[in-house]
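First, one chain by itself in structure tokens, the form predicted alone.
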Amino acid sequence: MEIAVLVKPVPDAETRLRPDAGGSGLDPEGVKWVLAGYDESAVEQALLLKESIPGTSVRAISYGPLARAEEVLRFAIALGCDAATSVEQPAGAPDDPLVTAAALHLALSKRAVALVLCGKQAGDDETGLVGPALAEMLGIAEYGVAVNVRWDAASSALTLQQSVEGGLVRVRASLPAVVALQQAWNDPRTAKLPNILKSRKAAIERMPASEVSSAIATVQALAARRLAFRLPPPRTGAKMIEYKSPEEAAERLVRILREEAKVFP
């Protein structure tokens, strides 16, 4: 069985972000690109299934500019993925979930993949739409968000655990299927140095932008386009309130909110 795990490069949480010259997007200069957090859980879940199902292989697939996509693909290989495919984003193509799904569909339609795993959403856009859109394009079932995925050899199906308010529910899922991961039931593994070094030389299948352009042409006209990219206003710092009793603290806080912050009339 072949498992495909979708991985997306996103800016590192500690990277200083800034708008580009036009103010409509992120300036990529100096940005460190890393594997999206929920995607890392999807990779871990794929590797756990690989370890429990004999003859299973895991292929990581990423869509985006070549340099940043291949960086996260090599990290996925270092973690234990067997192969990787980089789907190059055409110049000027919008960062839209439907466009991304169409590009990934191109890569998956060429392979006999039984299971597609992805993170429930990426940390940069938080849309959570790529998985469902991809399942629709592939014509296979999409089972929503799971916290654990196990293989039931007796029924040749998956058992999913999904988080609901107050507990967990178990769902039987037939293949082929698309499943999004909220968080793996155990912490994602850490890549070992020898594997990181080997991943630097690993071969990565590449799908050029020229081939991708025709695949996304239909949905590109429907894509949402970013109008502006702005950073939040800088913090002005905290103001300490001196008080001798909780009542005095509340009284002073209300006065500041009314007279200085103008929150209350």
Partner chain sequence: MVDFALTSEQTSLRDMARKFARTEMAPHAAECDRAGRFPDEIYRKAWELGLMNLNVPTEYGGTGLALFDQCLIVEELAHACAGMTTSIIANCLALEPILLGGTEEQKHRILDPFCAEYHLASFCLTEPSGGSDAGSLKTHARRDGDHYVLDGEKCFITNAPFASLYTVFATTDPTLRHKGINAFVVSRDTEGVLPGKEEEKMGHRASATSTVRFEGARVPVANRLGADGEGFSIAMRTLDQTRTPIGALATGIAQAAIDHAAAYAKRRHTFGKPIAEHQAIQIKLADMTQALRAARLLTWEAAWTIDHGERGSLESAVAKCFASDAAMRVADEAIQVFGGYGYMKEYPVEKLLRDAKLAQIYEGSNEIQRIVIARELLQRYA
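Positions refer to the first chain, counted from 1. Quick caveat, the model's predicted, so the values are computed rather than measured.
Heads up, the form predicted in complex with the partner chain isn't pictured, but that's what we're talking about next.
For the candidate spot formed by Lys32, Glu71 and Arg189, every residue has a non-hydrogen atom within 4.5 angstroms of the partner chain in the model of the complex.
The partner chain is not shown here, and in the model of the complex it never comes within 4.5 Å of any heavy atom of Ala153. In the model of the complex, none of the heavy atoms of Ala112 sits within 4.5 Å of a heavy atom of the partner chain.
Proximity of Ile196 to the partner chain in the model of the complex falls within the 4.5 Å heavy atom cutoff.
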